[in-house]
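Presented below, as structure tokens, is a lone chain in the form predicted on its own.
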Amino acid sequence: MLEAINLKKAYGNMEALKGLDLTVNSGDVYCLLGANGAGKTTTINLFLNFIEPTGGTAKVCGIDVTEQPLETKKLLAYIPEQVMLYGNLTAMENLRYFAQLGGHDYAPDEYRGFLNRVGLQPDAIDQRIKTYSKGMRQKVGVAIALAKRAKVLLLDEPTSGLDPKASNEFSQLLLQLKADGAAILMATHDLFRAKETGTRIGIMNEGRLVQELSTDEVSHADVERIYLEHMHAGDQYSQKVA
């Protein structure tokens, strides 16, 4: 569903991504862990075709994102740290707008069904988005993914700033989408959620994917230990270079 083949991105002499090879299949929740500047957001932006690769290929459902960007965007949904919605429109109005933009339309009861499914409070559905908490906005973002029938979800720090209850609710929504067969790639700093929600974890450091873990084969303590070992090794390498 998602494939990076020797994917690279450079800004002048600075290599943000150094030959990434990555595959995310249907039913996968693949969590990218790494410090700021590790290449997580760059990877997400390359799959979205927000930026052009310096080398290599990014594919969505087998389609090269640089060759057919409009086709690939129809297949995916994007939930960033701050979901971009129209504040003066209600959840229903936002959902209808983005669904129609993706080529889908539904009856009013069906739109409400999407919002009910993601756990949005019934009395909030007809309120303006500008009154919503971040957790509520994230739920609308997931409802949009459902209405678009997205095969792929790209998430960039979606639980950042959420309280524990809202973060847990969001994780449960991801597990529902996983059960429906979506391929999910999530950039995150949250080691706990990565272990709880992910099927696989990729640790990135200085533009490289340095290790992959299967979450059913490691404990929370293992994830933290392995992650910190790579971060420490990266710091030592940077000091030698300096």
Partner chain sequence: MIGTIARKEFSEIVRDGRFKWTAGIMVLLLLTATLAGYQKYSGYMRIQQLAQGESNTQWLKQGDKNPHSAAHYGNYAFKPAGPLAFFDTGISNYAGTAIFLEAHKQNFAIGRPATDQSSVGRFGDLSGAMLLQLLMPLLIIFLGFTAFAGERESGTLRQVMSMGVTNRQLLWGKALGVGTVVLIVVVPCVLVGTFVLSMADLNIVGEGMGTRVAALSVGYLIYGGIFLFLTLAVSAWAKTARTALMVLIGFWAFAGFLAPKAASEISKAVHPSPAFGSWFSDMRSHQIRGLDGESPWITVEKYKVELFRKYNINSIAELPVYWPATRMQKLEELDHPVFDLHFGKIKSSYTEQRRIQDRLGFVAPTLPLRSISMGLAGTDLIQHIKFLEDGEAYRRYMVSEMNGYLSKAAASMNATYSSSNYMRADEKVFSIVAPFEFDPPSLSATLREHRGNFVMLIVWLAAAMGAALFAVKRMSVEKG
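Residue numbers count along the first chain shown, from 1. What you see is a predicted model, and the numbers here were worked out from it, not measured in a lab.
In what follows, reference is made to the form predicted together with the partner chain, a form of this protein that is not presented.
*Can any non-hydrogen atom of Y132 be found within 4.5 angstroms of the partner chain in the predicted complex?*
Close contact is absent here: in the predicted complex, Y132 is far from the partner chain, nothing within 4.5 Å, heavy atoms only.
*Tell me, yes or no, whether P80 is in contact with the partner chain in the predicted complex, where a contact means a heavy atom of each within 4.5 Å.*
Output for P80 is yes: heavy atoms within 4.5 Å of the partner chain.
*Heavy atom to heavy atom, is K148 within 4.5 Å of the partner chain in the predicted complex?*
Because a heavy atom of K148 falls inside 4.5 Å of the partner chain in the predicted complex, the answer is yes.
*asked:* My question is simply whether A35 lines the interface with the partner chain in the predicted complex - judged by any non-hydrogen atom within 4.5 Å.
replied: No.
_the partner chain: the contacting residue among N116, S160, Q100, Q172 in the predicted complex [heavy atom, 4.5 Å]_ = Exactly one residue meets the criterion: Q100.
*Quick one: name the residues from 74 to 99 with any non-hydrogen atom within 4.5 angstroms of the partner chain in the predicted complex.*
Read in sequence order, the residues that approach the partner chain (within 4.5 Å, in the predicted complex) are K74, L76, Y78, P80, V83, M84, L85, Y86, N88, L89, T90, E93, Y97, F98.
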